[in-house]
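As C-alpha cells, one chain now follows by itself in the form predicted on its own.
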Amino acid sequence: MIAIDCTGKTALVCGSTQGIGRAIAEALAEAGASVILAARNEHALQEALNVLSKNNSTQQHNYLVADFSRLEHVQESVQHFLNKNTEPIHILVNNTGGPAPGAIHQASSDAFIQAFSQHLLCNQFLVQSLLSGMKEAGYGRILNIISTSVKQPIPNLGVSNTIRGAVSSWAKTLSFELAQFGITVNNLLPGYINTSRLDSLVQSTSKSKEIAEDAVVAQMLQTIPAGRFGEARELAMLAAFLASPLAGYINGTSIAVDGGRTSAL
C-alpha cells in the first residue's frame, strides 16, 4: 500500500490553530513530519501543539507566535525562531485568514493594502527566509492556501478575489524559478469548506441580501455538484500528498477542492 510519508521533513504551517491550517498541520504530523505551528494566539498554539501526532523518533513539534496582520511582527518572530533553530524547514504552508467579505466598489484603499501585506508580502518574506535551507536540502514544498476565486471570482468577496489572484500569479512565477532546486510551488483552492470563514461569508451574504442565513446556505449548496460543504480534513490530505516526495513532479498548479463547484477548467 502506498503511504504518504513525510518522515525527516519539517513543515511550517501558518494559521494552524483552527480550520484548514490546523487540519493540514495534523495531517502532516500524521505523515511523519515535524510541524512548526504559526499563528497569533499563543494559548491556541499550545493547545494545537498538544494534539499533534508523533509517529517516529525524528518528530519534534514546535510553534511560533506571529500576527500576520502585521508584516513586521511576522518578520521579527520568524527571524528570532530561525536564529534559535538552524535545521532546514522543507515544507511551507502559506495560510492566513482572508479579507473581510464585501462588495469591491465599497472597499477602501486600506483594505487592499492590508490584504496585500497579510497575504502576498508575508508569503514572500517566508519564502525568502526558508529558501536557503530548502536549496541546501535539495527538497522544498511551498503550498499556498488561496481560493477558487483565482479561477472564478466569488460574489461579495471583492478584496479577496483581487488579492488571491495576485498570490496565484506570484506562486506561478515562483514555480518557474525554484523547480531546478527540487522545490515545488502549488496552490490549493478551497471551495465552501466548513470553517469559521464560511460562517462569516454566510452571515455577510445574509445581511447584504437581507435574506435568512438558512436560505443563503441552501443557495450555496445548490451550486455544488457534490451537494454538501467540504471538510478541512479533505483538503488537508491533498496538502500532505503535495508536501511529500510522491508529488515531486507536480509544480505550478492550482487545484480546486470544491466538490465540483468551479465551472472554469
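Since this is a predicted model, take the numbers as computed values, not measurements. For every residue, the number given is its place in the sequence shown, counted from 1.
The discussion below concerns the form predicted in complex with a small molecule, not included here.
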query	finding
Option touching the small molecule, based on a heavy atom within 4.5 Å in the model of the complex, out of Leu174, Leu120, Leu130, Ile193	Ile193
In the model of the complex, Arg40 touching the small molecule (heavy atom, 4.5 Å)	yes
The small molecule contact at Gly97 in the model of the complex, heavy atom, 4.5 Å	yes
Proximity of Asn187 to the small molecule in the model of the complex, heavy atoms at 4.5 Å	no
is_contact(Asp67, the small molecule) in the model of the complex, heavy atom dist at most 4.5 Å	yes
Per-stretch contact check against the small molecule in the model of the complex, the hit in 211-219, 194-202, 29-37, 53-61 (non-hydrogen atom, 4.5 angstroms)	194-202
